[in-house]
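What follows is one chain in structure tokens, specifically the form predicted alone.
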């Protein structure tokens, strides 16, 4: 069985990070398995973890009144979920629900924050990696919105 440090080395999020830093972070992680329908995170609840998805699919959802859960994005093996542990008030902004069996490495957010405070170069490197992912996901969300609303005619073309 592989150690958490070995699993971190395999995951794309930590590719290129010095092995010493991967080993330093590994103490914050544990293997976790979620069955279909299990929640990794619930909107408004404490964001105590960050997930490296190894396999399976995770729906990132938000609740829409009078509609129910709306899937904003589907994550798969190789993706990550969760940066709310980085910023106060440390609460999840979205729900994350397993769509099938999900194998992940769950990293404790408080432990990671303490390690980033102790090792600022590591903290800066992780922030850069999260910023890249956040930017990419915002671009994907923009494209989804353009697909939904971009080709519609004006709401009231004859009005002045």
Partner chain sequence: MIPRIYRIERRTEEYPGAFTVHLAPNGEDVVSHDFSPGQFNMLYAFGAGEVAISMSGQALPGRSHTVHTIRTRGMVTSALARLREGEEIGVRGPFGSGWPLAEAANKELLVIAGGLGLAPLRPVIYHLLNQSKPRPIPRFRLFYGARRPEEMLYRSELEAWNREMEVQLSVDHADPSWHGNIGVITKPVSSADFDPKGCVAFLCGPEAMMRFSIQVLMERGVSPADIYISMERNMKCGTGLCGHCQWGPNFICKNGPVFRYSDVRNWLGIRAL
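Computed from a predicted model, the values in this text were never measured in an experiment. Positions refer to the first chain, counted from 1.
Another form exists, predicted in complex with the partner chain; not displayed. Remarks below refer to it.
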Whether 57, 74 and 144 all lie within 4.5 angstroms of the partner chain in the predicted bound form by heavy atom: yes
message: I'd like to know whether residue 10 contacts the partner chain in the predicted bound form, with contact meaning heavy atoms within 4.5 angstroms.
response: no
field: Partner contact for residue 99 in the predicted bound form: the partner chain, 4.5 angstroms, heavy atom
entry: yes
Heavy atom of residue 139 within 4.5 Å of the partner chain in the predicted bound form: yes
- request: Report whether the minimum heavy atom distance between residue 150 and the partner chain in the predicted bound form is within 4.5 Å.
  value: yes
message: Among the candidate stretches 64 to 72, 103 to 111, 117 to 125, 25 to 33, which one is within 4.5 Å of the partner chain in the predicted bound form when only heavy atoms are counted?
response: 64 to 72
